[in-house]
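The data below hold one chain only, encoded as structure tokens and taken in the form predicted on its own.
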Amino acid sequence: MTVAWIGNRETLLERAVRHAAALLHASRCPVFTFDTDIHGTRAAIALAERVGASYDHADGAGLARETALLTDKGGMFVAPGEVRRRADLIAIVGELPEAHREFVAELAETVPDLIAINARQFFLVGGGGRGLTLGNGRKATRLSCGKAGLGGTIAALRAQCAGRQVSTPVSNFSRFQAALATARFPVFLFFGQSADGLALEMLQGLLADINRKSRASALHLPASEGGWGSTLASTWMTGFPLRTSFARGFPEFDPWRFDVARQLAAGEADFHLWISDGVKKPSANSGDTKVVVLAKTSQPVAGAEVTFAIGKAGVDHDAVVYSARTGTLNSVTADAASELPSAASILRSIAEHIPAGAELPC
């Protein structure tokens, strides 16, 4: 089984590792992009620290919006388990991706065991929710504000809850107001990429208003479970989320400067390490940037100096991944274990071939 190529030629894994390490060691501004499990993330960040690289996720733009809410403004959040046990009013904010709809259906088919009610009440904020299934034939009551987008609807909803005048009232507001008055624990579900930063900030403002008299919270459903797991791993390793750099020998966080896609487009990087065991592929090579790819592939990636074939986390090898259903990390056993190496093992091998005490890039 071929697992490594230099250019478009098959080679021994050890030779490919040495070549990739030499390219990385010779670079002056390396950048890493990854979409991998917790072990792969930890190995990538450790290697980035060794060589002074900046790193980002393959879904970096969406994750940056989600992390900005926590790092810039903060908010009130609850775990999925608390939603299952306590929430008697669920407000779904905007469109939810297919990956999270099973969770919503589960909430619709159950009742909280810590509050004596017959059924949860569901509302849908904004114009999203096309094809949303609640289960048992139930439908969420839509709260919309004419042609206003999600941000405008949330703003109008907050204003009406505070007793202020609005130019266009929110539809079904009286029903929402009555449900909110009797609810013991309202929870707003939101998906990080369904709204911009201002809309998410406005949502937290609405929660703060409600909490002055009763209580309410929000459940963050991440755009990418793997990406959110990597964000958490980066935070506990460096103190910062993704879009962090070791270029000056210590971790620095800047969501604009260390946006790897922007760095590559601006020609700031001379080496790009791409790591993904999914379907995502690296963008086209730009200028003189050297590209090394770790991917679930059976052939070399076009334009890559070195390609490594890796296994998929949780399929080809055991893994630790983030689960939005539990709100924490889960250990996953391989579905169909194979001989393909993991991203973490390749990255550790590359790190072993970087000279100890190597001079950091400028």
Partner chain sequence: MKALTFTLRAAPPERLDLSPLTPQGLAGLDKRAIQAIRLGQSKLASTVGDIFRIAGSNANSLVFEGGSSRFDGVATGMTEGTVRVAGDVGAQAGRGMRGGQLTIEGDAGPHAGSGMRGGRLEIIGSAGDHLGAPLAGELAGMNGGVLIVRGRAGAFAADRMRRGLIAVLKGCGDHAGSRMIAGTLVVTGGAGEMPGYLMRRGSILLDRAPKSLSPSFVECGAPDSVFAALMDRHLVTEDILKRPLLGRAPRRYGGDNAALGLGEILFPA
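Positions refer to the first chain, counted from 1. What you see is a predicted model; the values in this text were computed from it and never measured.
Beyond what is shown, the protein has a form predicted in complex with its partner chain; the following relates to that form.
Not displayed here, its partner chain is approached by D72 to within 4.5 Å at the level of heavy atoms in the model of the complex.
Using a 4.5 angstroms limit between non-hydrogen atoms, A223 is distant from its partner chain in the model of the complex. Its partner chain is not drawn, but in the model of the complex it has a heavy atom within 4.5 Å of E268. Using a 4.5 angstroms threshold between heavy atoms, T297 stays clear of its partner chain in the model of the complex. No residue of the trio G7, A16 and R101 has any heavy atom within 4.5 Å of its partner chain in the model of the complex. Think of it this way: in the model of the complex, its partner chain has a heavy atom of just one of A159, A105, I117, A261 within 4.5 Å, and the residue is A159. The partner is absent here; in the model of the complex, the one residue of A58, A309, C29, V301 having a heavy atom within 4.5 Å of its partner chain is C29. This chain is displayed without its partner chain, yet in the model of the complex the stretch 146 to 154 from 273 to 281, 89 to 97, 287 to 295, 146 to 154 comes within 4.5 Å of it by heavy atoms.
Contacts between stretch 225 to 258 and its partner chain, counted in the model of the complex as any heavy atom lying within 4.5 Å, involve A247, R248, F253, D254, P255, W256, R257, listed in sequence order.
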